[in-house]
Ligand code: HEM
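Have a look below at one chain only, the form predicted on its own, in structure tokens format.
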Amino acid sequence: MAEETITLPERPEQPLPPVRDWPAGELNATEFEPVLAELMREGPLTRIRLPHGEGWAWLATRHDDVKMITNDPRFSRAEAAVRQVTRLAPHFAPRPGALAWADQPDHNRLRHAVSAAYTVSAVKRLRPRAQEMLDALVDDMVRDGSPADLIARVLEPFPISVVCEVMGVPLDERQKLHDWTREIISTAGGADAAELAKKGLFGWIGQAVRARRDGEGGSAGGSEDVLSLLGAAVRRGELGEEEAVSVAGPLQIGGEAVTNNSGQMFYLLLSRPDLLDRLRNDPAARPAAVEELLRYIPHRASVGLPRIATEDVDLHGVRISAGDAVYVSYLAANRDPAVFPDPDRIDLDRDAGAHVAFGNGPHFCTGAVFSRMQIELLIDTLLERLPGLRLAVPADQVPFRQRTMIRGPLTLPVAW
């Protein structure tokens, strides 16, 4: 008797979630973005449409999914660089050879060219110089007297000085580069203003790389500053000139993030006396507190850069089809209650080491070691030197940047 074949019915795929418009609305201080909170509640995978670009994209919000997607070569940054994926930024024209849009093995080749500038030993070498620059800024602020704008006097010029030291930007050129980078990360000026700023910044970097390639235009930081390393890599034929410029630009722009991150941190500390007292009276608690604050602060508006699925991927019973655009939210992952219980509460005793505030996978932030160093110096120096540091206005009167991709206070009036 022939064996009977039993065919089981295929399990139907889950219906696609609706496409949700994600407006870039105004946000209050350090509040968690309400649209993102809704999307997190709706499921691990949702579909979003942002103000610019075309079509829709998947959004992953759970910690495990975010880590998987950012480590999985089936999700390509390079593929996303040639498409007008739905996005927050008004202007989109990735440069050839940009590190942020590279997949392996190109990503490692490009990153290797500047890796010597971002090692732990490089941070140790720069730390005394960074402390010296910070002390000078605090000295000037104290001399001019209370009250003062902590952003303008310390939290903005300090990271600019540090990133320019790392990059090798001469002193008399630093303000110009800062003005360009500020325009690039803003969404208020529109596509034309952002494009003009990019042309200025990348044109300046191109001239600097060519000068270092030819052994000219002395550096501010020495032979291991980023521009010198890139100039040498071009001279050896390891990178093309356009690739070197595309690597350097985002590294210079990324230095702006410390101003906004530290601004949010000090706003939180100064508006919550219990947190401030804990860090002032317990210096040993500060390193862990920095990690918890990095986990908690809403670093950016909306989401960062997309990826494209290069083949079908099933996740939570939903098929992400080859060619689909995919975003991950590091902010949402840092509020995943499965990893961080009671995630909307700042808990300075929490082990927040699993946070992904600096990204994850091959595109983990190149400058993370320098960012941590700067934040540690800012907290230690300001709390030790200004024990009476406090807000000079009510917390709800501190203005925050609006219509920008990177969030933070516009000014931070303080007294001491």
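Throughout, we count residues from 1 along the sequence that is shown. Just so it is clear, the structure is predicted and the values come from calculations on it, not from any experiment.
What comes next is about the form predicted together with this ligand, which does not appear here.
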Counting ligand atoms of this ligand within 2.4 Å of any backbone or C-beta atom, after superposition from its pose in the model of the complex, shows the site to be open
Per contact check vs this ligand in the model of the complex (non-hydrogen atom within 4.5 angstroms), the hit among 382 to 390, 25 to 33, 364 to 372, 42 to 50 is 364 to 372
Proximity of Tyr330 to this ligand in the model of the complex, heavy atoms at 4.5 Å:
yes
Might Trp204 be said to contact this ligand in the model of the complex, defining contact as any heavy atom within 4.5 Å?
no
- Taking heavy atoms only, is Gly168 within 4.5 angstroms of this ligand in the model of the complex? no
4.5 angstroms heavy atom contact with this ligand in the model of the complex for Arg111: yes
| message | Tyr118, Ala257 and Asn261 - do all three of these have some heavy atom no more than 4.5 Å from this ligand in the model of the complex? | response | yes
Students should find that, of Ala37, Ala357, Leu348, Met68, the residue having a non-hydrogen atom no more than 4.5 angstroms from this ligand in the model of the complex is Ala357
In the model of the complex, the residue from Ala197, Val313, Leu137, Ala100 with a non-hydrogen atom within 4.5 Å of this ligand is Ala100
